[in-house]
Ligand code: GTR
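Given as structure tokens, the chain that follows is alone and in the form predicted on its own.
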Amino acid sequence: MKLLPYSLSIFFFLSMFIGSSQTNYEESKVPSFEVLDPLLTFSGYTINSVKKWEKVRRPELLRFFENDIYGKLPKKLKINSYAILEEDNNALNGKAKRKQVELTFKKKGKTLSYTILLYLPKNKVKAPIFLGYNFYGNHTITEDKAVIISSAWANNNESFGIENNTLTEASRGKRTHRWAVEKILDAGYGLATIYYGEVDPDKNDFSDGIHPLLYQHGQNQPKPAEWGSIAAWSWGMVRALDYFEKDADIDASKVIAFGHSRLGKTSLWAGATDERFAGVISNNSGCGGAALSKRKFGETIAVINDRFPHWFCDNFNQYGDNEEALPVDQHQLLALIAPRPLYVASAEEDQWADPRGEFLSSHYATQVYHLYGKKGIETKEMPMPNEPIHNTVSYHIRTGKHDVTDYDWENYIKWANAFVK
């Protein structure tokens, strides 16, 4: 059963199919568990310096997440070519420079292309940018008629006018509320977005998207330790960064990976695997993202792998209803981003994504940031809604549901101004 990008109400409805009694929303029912020390190696050696973190502990953690959770890229695959499909120096009523860039990849007679929509502040040389995927096509984030509609497969959505898995003009501008384009531009940043379905359609089918370009002869799906869709989407962000290094209008040293929900999981993994990202934002990323798996609160590993078997590598299945066997937890994923700035955000009504688990994960990751002399989430006391904590590791929980709002973007911009820009 496929699922549209989720809201809390949708998940409450779907919980009936898996047994609502299996989903825990009560702190009193969170199991007792050990918070794994990010600075203690698998062999029991304590890390007490940046050098030892970078040479010993970080690599072993990265390998585990790669082999047993997200899956590793089988081979390297670089950009074959890129083309400027369209550009306009007077977009958005003269406020921005718009550029639509197609990246193309070729391997073993197969080709994949995806398009980056760029809005850059006008008259600014080498702009810092936020890079993030969208769920229903680049044309949904703006009313701008010049933005190209993707021909890639899409989840059907009646309210967006999407039928037969095909994007149309009816969905233009349907997600403008999630992308504070003018606020971003006014703050001196650019925005780059990609329709994630162009990199890998969000369905349990590995015959399309980027995966087939890297299969061995006779292979038709990833091996147990090979990349699922989240790793594929992360790969697409990394390749976009490769392009940004060639674009004279962009400051490629100031690219912030942003993602919401499953794409927040994606931005975290992109930031962990490629240290060129200057900062990372996880918005309501939940299980397999910022939330601690061992809390078994809201969505769990068993549930996420059952509903979305293509997101993670097959090795991750061994930890379904078996979180206690995990030798890592998600705060250690966040720690892999250190010392670069990190922002984790939650929503009060989005209990499925476990806001407290996202907050605690940020707190426990802070231990690694301290090695670098950076401040993070220094307390286990959650802030009140709409009272953000801004440090190198930042956090807020806002009122409202599973979504991206202007409030979120206002805080991301303040944080980026202080710690990235």
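Just so we're clear, the structure is a prediction, and the values are computed from it rather than from any experiment. One-based numbering along the sequence shown.
Here the subject shifts to the form predicted in complex with the named molecule, a form of this protein not shown in this document.
For this chain, the superposed copy of the named molecule, brought over from its placement in the predicted complex, stays clear of the backbone and C-beta atoms by more than 2.4 Å at every atom, so the pocket is open. Partner contacts here mean any heavy atom within 4.5 Å of the named molecule in the predicted complex, and among 160-168, 182-190, 341-349, 261-269 they occur only in 261-269. For a residue to qualify, one of its non-hydrogen atoms must sit within 4.5 Å of the named molecule in the predicted complex; all three of F135, E299 and H402 qualify. This chain lacks the partner; the member of F244, Y319, Y215, F308 within 4.5 angstroms of the named molecule in the predicted complex by a non-hydrogen atom is F308. When the named molecule is considered in the predicted complex, only one residue from L326, V147, A278, I304 comes within 4.5 Å through any heavy atom, namely I304.
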